[in-house]
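This document opens with one chain alone, in structure tokens, the form predicted on its own.
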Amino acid sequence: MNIQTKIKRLPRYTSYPTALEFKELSADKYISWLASLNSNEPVSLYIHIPHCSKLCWFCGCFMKVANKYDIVAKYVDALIQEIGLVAQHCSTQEVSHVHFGGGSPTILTPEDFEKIMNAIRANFAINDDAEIAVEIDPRTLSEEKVKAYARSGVNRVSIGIQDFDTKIQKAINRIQSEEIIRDSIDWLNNHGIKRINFDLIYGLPHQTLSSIKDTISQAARYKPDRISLFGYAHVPWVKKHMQMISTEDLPNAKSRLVMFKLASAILLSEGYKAIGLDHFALPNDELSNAKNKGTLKRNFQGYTTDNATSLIGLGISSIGSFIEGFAKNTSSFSNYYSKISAGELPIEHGLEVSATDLMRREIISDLMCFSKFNPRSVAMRYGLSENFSREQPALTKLIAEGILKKNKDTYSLTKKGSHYRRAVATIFDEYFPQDIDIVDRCILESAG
């Protein structure tokens, strides 16, 4: 059986159920979820900035190139209106986390970034110890922008580096010198923003074991607090611009796995701790502490220390997460602008979740965050009498394959199994096609 004919990719489980299961969701339903937020608990905000100045050919995000800043300015005005509309329906205004993603938030002028932050503060109460994070494209960063971030309370950034090798940068249409990286770090440090993450990618065109070793070693020398090492997902049937990358230039599945193992070994030797699927953090970083304490979480931005039970998505295509389910804004610019101008929330899709969904979400989250899970214990917490008979044959097979081990009712990933946690998670995914053999799913994960 060619498993590629069955499914193109394994979920990354930044949510469960995944966004593939979202259906039409009414604005009234979304408003009811906002109104039912616990007024004694903080929420998190995700702000999506969809525009970039250039198109990176590896990009899998929802984005649109802005050839003129007028396009961005129009979006900022609509976003600020949406912030006000959402706040009107919230039963709580306390905020513990704010995350700017994209696209490229660094396309914003200093003035527009501060306008957005001022709008957030005018409508919500940001906690004194809140994390305010921005995803950085160093090619569009400037010291004036960093000053605006500092004035606005930004205290963490993620710098999109991807790879230091010039040949690889050219192949993905993202050329940025190391001097640009150094300047960015200097500006951030000089203005008090010292919590810095690096985002790197393996599986890119022309990458080799030698080049990945150089890039990881180079990144580690800067000693960022965290390093995310994502696997490139080549999906040209979804993202047409990926057709600019020749499949012949991509490393094969075996090479990708060896690259990740090599990169992991280098980072561990440099003092980083492995966090879940693809994150690494220094021992004194909050992510490491959260993993040790058992409070680590996973959301649409990856691994996080954010303990808020609700995330409000703001901006086109953004997704919010609530106790009751998920709510996703429209991905149509025309729809987004027309809804906002009419004073309506631009919600379009989402999913109301069941107790069974929540139970399975927790099992998958335990696996993704802590490499172990106890299905029966989680089911009992939700008052469900699930015996997991459907999952048992796959679990038994993974134990025989040396991917899982079992101690009483707790399953744990082995060292070998640590590379297949997404495949293992699919066992508990009621929406995933279970007719695909579990070992084949592991093979699919090793291919990216």
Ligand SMILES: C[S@@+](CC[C@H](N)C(=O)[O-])C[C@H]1O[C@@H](n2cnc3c(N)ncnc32)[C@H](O)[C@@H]1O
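Residue numbers run from 1 along the displayed sequence. Since the model is a prediction, treat every value here as computed from it, not as a measurement.
Keep in mind that the form predicted together with the ligand is not shown, yet the notes after this line are about it.
- Between the ligand and the residues Ser310, Ser96, Gln162, Thr330, the one pair within 4.5 Å by heavy atoms in the predicted bound form involves Gln162.
- Distance criterion of 4.5 Å from any heavy atom to the ligand in the predicted bound form singles out Asp199 from the list Glu82, Asp306, Asp225, Asp199.
- The stretch from 135 to 143, 86 to 94, 331 to 339, 180 to 188 that comes within 4.5 Å of the ligand in the predicted bound form, counting heavy atoms only, is 135 to 143.
- Looking at Trp33, you'd find every heavy atom of it more than 4.5 angstroms from the ligand in the predicted bound form.
- Among heavy atoms of Gly103, some come within 4.5 Å of the ligand in the predicted bound form.
- Of the heavy atoms in Gly231, some are within 4.5 Å of the ligand in the predicted bound form.
- Although the partner is absent from this view, Cys61 contacts the ligand in the predicted bound form, with a non-hydrogen atom inside 4.5 angstroms.
- Along 240 to 276, a non-hydrogen atom within 4.5 Å of the ligand in the predicted bound form is carried only by Met242.
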